[in-house]
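The chain below stands alone, shown as structure tokens; this is the form predicted alone.
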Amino acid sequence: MSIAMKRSNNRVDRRLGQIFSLLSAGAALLLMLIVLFLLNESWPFLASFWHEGHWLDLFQSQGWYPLEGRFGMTPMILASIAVTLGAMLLALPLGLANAIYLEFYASPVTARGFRLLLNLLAGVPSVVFGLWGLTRLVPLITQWQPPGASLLAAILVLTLMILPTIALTSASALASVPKDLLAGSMALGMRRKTQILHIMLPAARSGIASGALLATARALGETMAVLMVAGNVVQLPSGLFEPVRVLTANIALEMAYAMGDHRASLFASGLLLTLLVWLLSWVAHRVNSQSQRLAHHG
């Protein structure tokens, strides 16, 4: 390669690096502006509680009565956590099972068709899941235990929504495991089940954990589908068949007519959700970093 061509390639690389740096900086700036916007809109509400020394009431009070100046978010926070954890408890083993089937048991033709189906399921709008849950799942639960619109309905709908994410990311993590590990386990005469449980899954745990945390963030931030099937009653989630209201649904329901502290409290709810998603992202980053260090030292 001539010196002129090398210089030309170096200039192209530098320009691409500058473009990508600008795009990364723009994304970071946009995220900062969103957070500043949430802080600015919720600050009158947060400042008033802070100055009065009653900010813990946001998490201790069980009542959400904005017109009376009572903004207890505890029932909705606990409902959001319950819906998310319930969906993850169901979706994680099912998603792993789908990923294992895709990578180790399905024929190439079946795997391609099944992967396409999962991709289509992942792209279905959340409102469609909500409509299905409202017209099919809720009446079915009502026959079993009224009122039907409940914590259980929200968990089942969310499970169906995040299942493709877990299955596809877990399958990608399993596919990225070095083939030498599988070949070595086969040379040792291990059975397929032993290879999967003791070799492949531990080796892919970083990617699986990242996919699970990504699905958790989506479940935590889901609005429309949960709003349509959860019942939207502000109360502590005392049972699977009880109606609940999550933070995202509360914002969607009340933002249209909220004013003053009521409006600011809804922005404070959005800020809290953003911080929770950031926390999940940080945990995912830590898991990836720890797994990479262990793999490097191993």
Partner chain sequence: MHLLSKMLILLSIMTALPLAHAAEDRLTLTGSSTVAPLAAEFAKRYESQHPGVRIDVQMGGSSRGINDARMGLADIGMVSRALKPTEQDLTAFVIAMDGIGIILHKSNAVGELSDTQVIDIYTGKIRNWQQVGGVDLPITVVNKAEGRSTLELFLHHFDLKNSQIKAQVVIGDNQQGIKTVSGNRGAIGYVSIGTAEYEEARGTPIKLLPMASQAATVEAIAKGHYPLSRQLNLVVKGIPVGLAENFITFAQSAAVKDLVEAQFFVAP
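Here the structure is a predicted model, which means the values were calculated and not measured. Positions refer to the first chain, counted from 1.
The same protein has a further form, the form predicted together with the partner chain, not shown here; the description that follows concerns it.
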Thinking of Leu89, Trp278 and Val283 as one candidate spot, does the partner chain come within 4.5 Å of a heavy atom in every one of them in the predicted bound form? no
Is Met259 one of the residues lying within 4.5 Å of the partner chain in the predicted bound form, judged by heavy atom distances? yes
Should Thr142 be counted as a contact of the partner chain in the predicted bound form, where contact means heavy atoms within 4.5 Å? yes
Close approach of Pro44 to the partner chain in the predicted bound form, 4.5 Å, heavy atom: no
Ser21 within 4.5 Å of the partner chain in the predicted bound form, heavy atoms: yes
Of the candidate stretches 97-105, 147-155, 215-223, 173-181, the one with residues having heavy atoms within 4.5 Å of the partner chain in the predicted bound form is 147-155
Could you spot which one of Val127, Leu134, Ala82, Ala122 gets a heavy atom to within 4.5 Å of the partner chain in the predicted bound form? Leu134
Using a 4.5 Å heavy atom cutoff, which residues in 64-91 contact the partner chain in the predicted bound form? It's fine if the answer is none. Trp64, Tyr65, Pro66, Leu67, Glu68, Arg70
